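For reference, the chain that follows is the form predicted on its own, supplied as structure tokens.
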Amino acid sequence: MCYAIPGKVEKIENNTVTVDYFGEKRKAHNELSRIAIGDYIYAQGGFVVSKISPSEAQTILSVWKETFFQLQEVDLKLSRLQLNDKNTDKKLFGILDKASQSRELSRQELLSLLELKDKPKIELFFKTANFLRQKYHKNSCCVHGIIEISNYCCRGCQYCGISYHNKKLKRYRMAKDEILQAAKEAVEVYGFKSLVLQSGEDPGYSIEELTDIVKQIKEKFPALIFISFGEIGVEGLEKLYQAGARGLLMRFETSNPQLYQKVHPEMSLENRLLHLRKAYAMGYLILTGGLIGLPGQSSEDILNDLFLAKELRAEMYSFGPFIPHPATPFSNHKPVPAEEVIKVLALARIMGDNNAKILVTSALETLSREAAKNSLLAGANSLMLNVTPLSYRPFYSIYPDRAHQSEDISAQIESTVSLLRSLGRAPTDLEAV
């Protein structure tokens, strides 16, 4: 299965193309030369990734045509919203009715959703978020691959298992040829059209080495490249953008400066936000968010985190549970239940930009085997599969017992395809016109 459906270019205006997917029109930014009306292309994250021959495209589309509209029907059925139940709490009804019409909610209304405890009320909240997801994104769900190229890190984050606190961790740093081979396998064998390159903040790679890796991947294996190397400096971001990186995955983790200082005693929230703002100004797609369940974190803090992600113009919201590693100073703290994190994802869908994507993190899946399904039914529409070589994957130990840690990519794909089909989702990753 390809993790994008080919579309036919119908219109070209400057660097923007309009693409047809079975009658649905989507737009994408084009940086490739020689794209013409009538060409078939793959696109991810709002960018044209590559051309595809008409014969190959039509073969793939003939397979998808049989299921595309069936999937839409399943998704529509699962996202239907009824707020006229006589038993619905009138106050909650009023809030969710406003939300379903995309009307702005007050801060107190948003907090009341975040603090819901009653199960039926939470389910109605999730259904409203899923209704909005379908309204603005139809049944599209983006699926990215992530390659964790190094677990070396010079930072001392108080919870993270690859920080320098973990003295027993076996460290690794993939060579350039290994990274290129992993990217080749992800793109050419498994059909990924979007890759995240991630590492600890590793001074063992120079910016020149990282830019060379990104440039070679872009030249050899058509894919949208996101980077996640920590705070590499504005100049480093500029060089990587010039090399072809188009997305930055960097969580700010908390908008509360005092809480940030507790978690990252040697770091600055101001500097982290500077990286994110400068990256957006350069043209990067921003993937950002926070941790849920940090010691001392309040509902007000979480709401402020959501507002900050929106202010940063996040292309994708990445909110996951705080899961401390046992070899770190915060080892005695326990993570929150998965449902508390899913409430944040649902609220992100309600208050975020209509076009934003909501990611289901592997950390959330680690808390609950049903987390991916429940999150997708609560407004989420993005998944990330681990395509790091199995020989390295156990050592990227940011928290213990990660979901999919020992699953080969074929097993991950099989379970993901099964889940998406059961929910009526299709792997398209462009906004409707």
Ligand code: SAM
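One rule holds for the numbers: they count along the sequence shown, beginning at 1. Treat the numbers as computed from the prediction; the structure is a model and nothing was measured.
Beyond what is shown, the protein has a form predicted together with ligand SAM; the following relates to that form.
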(request) Please check if residue 140 has a heavy atom lying within 4.5 Å of any heavy atom of ligand SAM in the model of the complex. (result) no
(request) Tell me, yes or no, whether residue 398 is in contact with ligand SAM in the model of the complex, where a contact means a heavy atom of each within 4.5 Å. (result) yes
(message) With a cut-off of 4.5 Å between heavy atoms, is residue 109 one of the residues that contacts ligand SAM in the model of the complex?
(response) no
(message) How about residue 228 - does it come within 4.5 Å of ligand SAM in the model of the complex, if we only consider non-hydrogen atoms?
(response) yes
(request) Let me know the one among 125, 159, 192, 284 whose heavy atoms come within 4.5 Å of ligand SAM in the model of the complex, would you? (result) 159
(message) Using a 4.5 Å heavy atom cut-off, which residue among 278, 215, 165, 251 comes into contact with ligand SAM in the model of the complex?
(response) 251
(request) Sort through 382-390, 31-39, 65-73, 398-406 and report the only stretch with a non-hydrogen atom within 4.5 Å of ligand SAM in the model of the complex. (result) 398-406
(message) Using a 4.5 Å heavy atom cutoff, which residues in 271-300 contact ligand SAM in the model of the complex? It's fine if the answer is none.
(response) 272, 291
